[in-house]
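Coming up, as structure tokens: structure 1 and structure 2, two forms of one and the same protein chain.
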Structure 1
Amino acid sequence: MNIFLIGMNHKTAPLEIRERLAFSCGDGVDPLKEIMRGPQIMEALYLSTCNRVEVLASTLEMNEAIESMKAFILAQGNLGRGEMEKCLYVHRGSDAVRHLFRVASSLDSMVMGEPQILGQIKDAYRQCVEGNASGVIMNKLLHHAFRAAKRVRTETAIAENAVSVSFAAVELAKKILGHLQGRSILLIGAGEMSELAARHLIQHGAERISVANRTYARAVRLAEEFHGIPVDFEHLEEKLQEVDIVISSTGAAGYIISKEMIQAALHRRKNRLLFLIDIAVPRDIDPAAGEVDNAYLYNIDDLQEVVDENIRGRLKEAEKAEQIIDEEVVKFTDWFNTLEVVPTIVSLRDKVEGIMKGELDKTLSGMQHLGEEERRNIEILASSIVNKILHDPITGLKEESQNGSAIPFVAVLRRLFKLDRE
């Protein structure tokens, strides 16, 4: 298979090297154009994300193309040869196909199952098509990759459960409160993680947000950012009665919310469910508050445990995904193998001669009055027409195959004459 993939990702190369590559390609230079200028490159796809830089290409002469690609990357990244060799990986043939499918299915991502990578590959493919760098193989290969990714997504649970603390909070909130539309949040204290959790909850429909802080001025500032209302620390208890979700992350040394406060609040809110998230270390909410009926308290370790469990779940699902990838690689390889010249000529002949025989039988059966010799003449006529028509395409194909550039022609021929069963 004359396909190869060369590149580096977050596992093989440190950020400084990856960004040097991505940056150098960023300013003014169209990397795809540069790649296509390389010798023996027929088609190419250039994929650059924050976690990987990869070139996928089909070629007429594998070794020469790979060497020139390496040299290109070397020059672009301004890297020493030894340094680069350590970071680069090269996959050939079906290994390259498998790598692409794994990347597209997010099996090779930093956070396995994350959905962005597929979109990034689609963008790269769009550039590839717009830059006239795609052909029969690349089109087929990318569509197979999209299909593999879709299968992995729908047939495994790899992308199902939250793998970050803030998303775990959203997931739990949904299990407790059902939908989050119109739910209200009380944010106590400030902190990156609590703000992120609040943002995610808002994205999922939560609306009214109140911000409480020891220093009122900070509460006002943060409330502005969230289009919420600042709350005085004195009025915390009243707020507990209204809201559905509490996220707490203050730097306080002791508990700022006691079991009694929660009990009283639940009583006043007629036992409407209350979800408490305590992200602070040391903790803000008395753990005993979690024992109150209709109050559900999760601290940072609980959330982290949920996340860890989900990650273990994804790893298990990844095994299923690898099987799907294997199947899809076989399917693509099967298609690729039909691109051989000789079998294509054989099936083209078979098809056309089959048509000729069928038509002859139909016509001759309606002309019983003809003698043996006349029949033979008609048959000779038909078959020489067929041979004359087939002669040019077949010799053309053979010539191309001697130049090593028959594959696109074979693919087009197979498609136009519908030689593939699928």
Structure 2
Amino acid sequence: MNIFLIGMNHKTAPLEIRERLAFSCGDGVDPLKEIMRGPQIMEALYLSTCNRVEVLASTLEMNEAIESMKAFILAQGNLGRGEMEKCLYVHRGSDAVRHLFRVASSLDSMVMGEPQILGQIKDAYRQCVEGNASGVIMNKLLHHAFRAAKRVRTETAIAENAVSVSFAAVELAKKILGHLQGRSILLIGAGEMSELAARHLIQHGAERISVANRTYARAVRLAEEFHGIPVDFEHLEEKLQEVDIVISSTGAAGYIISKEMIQAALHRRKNRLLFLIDIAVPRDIDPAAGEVDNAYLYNIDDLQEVVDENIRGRLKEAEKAEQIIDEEVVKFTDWFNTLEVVPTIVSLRDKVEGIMKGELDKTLSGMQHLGEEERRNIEILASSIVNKILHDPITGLKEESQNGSAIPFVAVLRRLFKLDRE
């Protein structure tokens, strides 16, 4: 199989090296055009994300093409050869196909099951088509990759359940509150994870965000990002009465929310459920607050336990996904193997049908007494005989192609029927 994939990713190359390659290719250089200028490159796809840079190509001569792609990466990333060789991986044939399918299905992602990579591959394929760098092989291969990714997403639960602390908070909020539509959020502090959790909650339907911070100006700036309301830190206790979800992440040395504050808030809100997420270290919310009826308190360790359990679940689902990938690799390989016999099948059929048509024309020209229907029946008979004669050799060629052993049979057929002289 004349397909190879060469690249580096988050597992093999540090960020500073991936950045150098990505930045250089984004600096007025069209990497796909450069790749297609390489010797023996027939079709190519260039994929560049924050976690990987890869070239997928079909070629006339594998070793020469791979060396040219190494030179391309070396030059674009301004890398030393030793530095580059330590980071690069090269996959050939069905291994390249399998790697592509695993990447598209997010089995090779930093966060297994994330959906962004499939969209990035589709963008790379669109650029490949627009850049006239795709052909029969690349088109078929990428559509197989999309099908494999769809099967993995629909036939496994690999994309289900949160595997980040921020998203785990969203899952727990949905379980406890039933839904997030119209829910209000109080964000205390300006921690990165709490901001991210707030963004996730809003994306899932939560509304009316308020931001409290010891520095009021910072609360104003952050509230503007969320189109929310800044809250003076002194009014924190009364704000607890109004919101459904509290996310706290300050640098305070002690608790800023006590059990008594939660009790008072729940009393005034007529025991409507209150969901508390404490992502601060040290903690912002007194653990005793979780003992209050209708208050649900989770800290960063609780969320991490959810994440760890979900990761274990995804790893189990990954085993099913790998089986799907294997099936799709076999299907693509079967299709690819038929490519070497298709031209011979077409040539053989064309030659035999040409002989049949020539002989039929000569015969029928001397049988002017025949009617139109009789002539048509004779043509149908001749065509049927040709199809029956060709059926066994064509079927045999296809079967041999499935085993990857058709080349000797192709050579014999082309020689016996003198197909190369046509």
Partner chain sequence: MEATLFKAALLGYLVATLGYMVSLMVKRVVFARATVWILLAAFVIHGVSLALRCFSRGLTPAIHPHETLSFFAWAMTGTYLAFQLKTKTRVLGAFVSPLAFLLMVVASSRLGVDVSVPDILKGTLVPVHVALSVIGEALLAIACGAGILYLAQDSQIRQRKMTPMSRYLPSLDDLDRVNHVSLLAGFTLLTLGLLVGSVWASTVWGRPWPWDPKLMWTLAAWFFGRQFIF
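Only the largest set of C-alpha atoms that superpose within 1.5 Å between the two forms is called the rigid core. Because the structure is predicted, anything quoted here is derived from the model rather than measured. Each residue is numbered by where it sits in the sequence of structure 1, with counting from 1.
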Fill in: Selected structure - criterion: the form predicted alone
2
Worksheet item: residue 288: with the rigid core matched between the two structures, does its Cα shift 2 Å or more?
Response: yes
Worksheet item: For residue 248, is the CA shift between the two structures at least 2 Å following rigid-core superposition?
Response: yes
Worksheet item: So with the core overlaid, does the Cα of residue 213 end up 2 Å or more away between the two structures?
Response: yes
Worksheet, complete the sentence: Once the two forms are overlaid on the core, the CA atom of residue 375 shifts between the two structures, in angstrom, by 9.9
Discussion item. Rigid core superposed, I'd like the Cα shift of residue 239 between the two structures in Å.
Written reply: 3.5
